[in-house]
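One chain comes next, on its own, written as structure tokens: the form predicted alone.
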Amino acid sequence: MSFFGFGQSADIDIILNDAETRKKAEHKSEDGKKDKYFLFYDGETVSGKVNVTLKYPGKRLEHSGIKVEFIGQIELYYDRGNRHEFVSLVKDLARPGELTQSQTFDFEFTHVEKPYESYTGQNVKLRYFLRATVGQRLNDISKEKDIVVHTLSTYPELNSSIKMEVGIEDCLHIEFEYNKSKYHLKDVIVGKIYFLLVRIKIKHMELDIIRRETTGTGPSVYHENDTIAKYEIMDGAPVRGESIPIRLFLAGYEMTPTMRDVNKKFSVRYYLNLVLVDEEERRYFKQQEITLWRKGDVVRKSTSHHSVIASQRFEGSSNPDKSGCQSNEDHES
């Protein structure tokens, strides 16, 4: 919108060169709606065309330059005024001058580093987008086009199992074991629960997957916990010596890879939460962090090296942090 009642004198459109063949991925927007966007990986080239269409043929469009940008940006919802750019690339398409007719400009950003996964959370949004701008004296004419980035990771075969105990002295002693500590997003969590001592009447037991989003630093740290999945292990009282198998398929749930200290702005971690409820509605739980990662259908030669670097930066060390959570009872007896 310009002053004096005049609207914009041109429309801008951004068209990707491989739009007909490039895969799309669903991504949730801030308002919770899902849409499909073109999918890219770290190290891939982003190229296309910027179409500037004059609304009034025969009328000249004066401009102070035409450019296209590729931007990777983190926005914290409690700090809306500050957008943190971790990738910012610019291509000048035209010097200051005038357009006498509609025109198309080619652009190419070669082997662009895209170190983090696209993410929309409770308190933070990480997005990648192209922005084309026709500079004007009063108001620039601009258009943005979002893309989605997925990070592909590779992990060694060494993937230790998780063994833990839940105990209340002289009342309850349970051991549980999960087959590994790192899972890809379409993996299956396989485990077993052993009841070694049961002197309280347990009526319900479930395994939850919890996503914990952490934003901010120091005194301004915000934690948001979301229960992604609930898996009922048993409904009824177990007996001593009983063992119950666990088999939880991850493919049906909306999850991202584990993100640790992304650009020193936020983290997204996942936990397995074992919950027991007794007949007096007291709840006992034990939590353990797991690492989630995205396995590519086809790892492309041009991106595999970048992906390994990104996975190291993205996931941290190969050993998952041991959760310091203790078994708890949230009902005062």
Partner chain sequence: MADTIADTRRLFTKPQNLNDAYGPPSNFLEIDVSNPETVGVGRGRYTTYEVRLKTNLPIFKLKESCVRRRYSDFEWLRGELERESKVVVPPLPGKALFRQLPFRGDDGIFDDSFIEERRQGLEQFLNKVAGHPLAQNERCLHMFLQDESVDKNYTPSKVRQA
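These numbers were taken from a predicted model, which means no experiment stands behind them. Positions refer to the first chain, counted from 1.
The form predicted together with the partner chain is left out here; the points below concern that form.
Asks: Partner absent here, but in the model of the complex, which of 210 to 218, 105 to 113, 228 to 236, 192 to 200 has residues with a heavy atom within 4.5 Å of the partner chain?
Replies: Heavy-atom contact with the partner occurs in 192 to 200.
Asks: How about residue 169: is it within 4.5 Å of the partner chain in the model of the complex, going by heavy atoms?
Replies: The answer is yes: residue 169 has a heavy atom within 4.5 Å of the partner chain.
Asks: In the model of the complex, does residue 284 have a heavy atom within 4.5 Å of the partner chain?
Replies: Yes - in the model of the complex, heavy atoms of residue 284 and the partner chain come within 4.5 Å of each other.
Asks: Looking at the partner-bound form in the model of the complex, is residue 280 within 4.5 Å of the partner chain by any heavy atom?
Replies: Residue 280: yes, in contact with the partner chain in the model of the complex.
Asks: Check residue 249 for me: does it contact the partner chain in the model of the complex (non-hydrogen atoms, 4.5 angstroms)?
Replies: Judged by the heavy-atom cut-off of 4.5 Å, residue 249 is in contact with the partner chain in the model of the complex.
Asks: In the model of the complex, which of the listed residues (28, 49, 269, 295) lies with a heavy atom within 4.5 Å of the partner chain?
Replies: By the 4.5 Å heavy-atom cutoff, the listed residue in contact is 295.
Asks: Which residue, 179, 73, 263, 256, is the contact with the partner chain in the model of the complex, using a 4.5 Å heavy atom cutoff?
Replies: Of the listed residues, the single hit is 179.
Asks: Is it the case that 97, 141 and 144 all touch the partner chain in the model of the complex, with a non-hydrogen atom of each within 4.5 angstroms?
Replies: The answer is no: none of the three residues contacts the partner (heavy atom, 4.5 Å cut-off).
Asks: Within 235 to 253, which residues come within 4.5 Å of the partner chain in the model of the complex, counting heavy atoms only?
Replies: Stretch hits, in order: 239, 240, 241, 242, 243, 245, 247, 249.
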